[in-house]
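Encoded as structure tokens, the following chain is the form predicted alone, with no partner shown.
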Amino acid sequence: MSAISVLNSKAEFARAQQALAINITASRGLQDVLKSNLGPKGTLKMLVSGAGDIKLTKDGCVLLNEMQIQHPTASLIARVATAQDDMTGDGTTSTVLLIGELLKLSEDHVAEGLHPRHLTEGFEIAKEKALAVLEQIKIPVTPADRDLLLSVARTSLKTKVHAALAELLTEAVTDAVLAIRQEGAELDLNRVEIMQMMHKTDMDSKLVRGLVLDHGVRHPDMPKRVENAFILVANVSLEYEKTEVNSGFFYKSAAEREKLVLAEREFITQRVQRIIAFKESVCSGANAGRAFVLINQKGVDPYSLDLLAKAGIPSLRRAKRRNMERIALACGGYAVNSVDDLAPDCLGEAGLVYEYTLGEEKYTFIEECKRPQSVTLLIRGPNKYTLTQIKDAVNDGLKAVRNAINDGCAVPGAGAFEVAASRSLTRAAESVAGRARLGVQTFADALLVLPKVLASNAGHDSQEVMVKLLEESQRSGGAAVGLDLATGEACLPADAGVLDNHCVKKQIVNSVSVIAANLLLVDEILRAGLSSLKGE
């Protein structure tokens, strides 16, 4: 009997072998759910919410976030895996599979009487040696190596969407990251706007080197398409405003009331006239004939819209704040907060601004910017499920390219790192003294679960594939050998353009060894919180 029973007779507990069995069962259950999703040949899962909403995905992070996991151990592993995705953008499914495999292989050793502490010591040794292998096989990448960056993006995207769409998105995602990159500054992916349009097919998605706003001009007489335009970004109220405090006005006559109304109107009209006069001054001389577009964060009332329409100024009102910042980055210039601040250097420039109507919704495209530091990935699809799936894939693709640039290197994919690390650890285990060598060998065997599952998901015999990979790796004399999913034969992933992120693999090895060790060292699971004392 557990000592906790003396303190709390209602406590629930599981000890020693039973506690370990609970943890291993939970990790294997999670592993079985996710393993069919791994790799470009993985299958999809359909998630149905309580309201009947459907989500189709093979993204491990989305699955773990959307599934209602009640088992405490499975929930712990799921949180670790989703933290991996938050940090690096990939590797969620691999983390779950490796933790499950480590615990499964450790079960036999513990059943034979080996103390879990010896295994965890071996895991720590194996982790350091695996990270050393990772450093040996990495491939240098610079922002100028566009082909290598394309390979990294393609490898990430092909695990999330079908091959044809992955090829289309690969260039869009890579060019988006390269467009927003600034020498010496950290890459900020918030500069890439992801706009969704339920329209046409997924193959019509594209990169817009500018911005797409989800609203249009608010006056029927305003131009719907202008070229070679100045862009004025403003945060100026061009409508009647109520006072900030409750106030009342008392008039002696109707004429006095009319006079106040005219004065209020005149106040706003003067602001509009200042903008119109500014437009006429900048669109003269050498710039004669150029268009002028106003994008305002605050409101523009109908009378002001009419004045702007007569002056030929397309005007958008109530633009989102994030778009205001992106417009300045895409077109140049800066936002003004008062008509007194109007100056030629506050203006941005765009080669083409036009309105696109889709059903009852309107979109404004700002394109052909000279040096855009903010771009838009326009995602199209026939239904909500497709749009959501593509958006998740694009986010992972953007993070993959960013990671490659930040790391300055990439790692051969297709299971190459796992095979190389496994062989290296098997050799290293012979020189480890004591029972810790069993932990090193367990880690080496567990790493092979990823190429095995990749082969299985592609319809190949996993045992036959592993024999081929290990033999080829031995013959190649240290070259990183991976799996060609199309043929089931060994290949050189670096030559085939299959590259993974260095930081993703590094994070997987670190987190997997720590979590597996912690779960193995649990010798008692207690449920003895305050909730168990209710009713007494």
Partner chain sequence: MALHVPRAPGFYSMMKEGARHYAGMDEAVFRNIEACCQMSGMTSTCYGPVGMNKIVINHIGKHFITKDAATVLQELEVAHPAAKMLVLSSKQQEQEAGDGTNLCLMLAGFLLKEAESVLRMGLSPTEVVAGYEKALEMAQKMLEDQVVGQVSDVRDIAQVEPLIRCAVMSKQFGLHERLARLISEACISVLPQGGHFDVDRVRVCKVLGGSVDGSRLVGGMVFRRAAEGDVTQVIPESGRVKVAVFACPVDFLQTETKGTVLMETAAELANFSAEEERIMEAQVRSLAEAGARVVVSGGKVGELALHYLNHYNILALRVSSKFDLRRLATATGAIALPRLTTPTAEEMGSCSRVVTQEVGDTNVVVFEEDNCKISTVLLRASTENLLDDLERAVDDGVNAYKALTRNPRFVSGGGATEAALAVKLAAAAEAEPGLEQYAISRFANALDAVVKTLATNCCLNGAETLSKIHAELAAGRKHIGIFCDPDSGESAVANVSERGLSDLLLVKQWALRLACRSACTVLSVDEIIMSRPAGGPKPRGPGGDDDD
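Just so you know, these numbers come straight off a predicted model, no measurement behind them. Positions refer to the first chain, counted from 1. The term rigid core refers to the most C-alpha atoms you can superpose between the two forms while keeping them within 1.5 Å.
We do not show the form predicted in complex with its partner chain, though everything after this point is about it.
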| query | Would Q474 count as a contact of its partner chain in the predicted bound form, using a 4.5 angstroms cut-off between non-hydrogen atoms? | reply | no
| query | Is there any non-hydrogen atom of L521 lying within 4.5 Å of its partner chain in the predicted bound form? | reply | no
| request: Determine whether any heavy atom of S36 comes within 4.5 Å of a heavy atom of its partner chain in the predicted bound form, and answer yes or no. | output: yes
| Does its partner chain come within 4.5 Å of any heavy atom of G497 in the predicted bound form? | no
| field | Proximity to its partner chain in the predicted bound form (heavy atom, within 4.5 Å), stretch among 45-53, 464-472, 502-510, 480-488 | value | 45-53
| note | In this chain shown alone, the residue from S75, S237, S281, T142 with a heavy atom within 4.5 Å of its partner chain in the predicted bound form is S75
| message | Using a 4.5 Å heavy atom cut-off, which residue among R435, R117, H71, R274 comes into contact with its partner chain in the predicted bound form? | response | H71
| said: Within 4.5 Å of its partner chain in the predicted bound form, counting any non-hydrogen atom, which residues from 361-389 show up? | reply: P382, N383, Y385
| Flag for E266, CA shift 2 Å or larger between the shown form and the other one after aligning core | yes
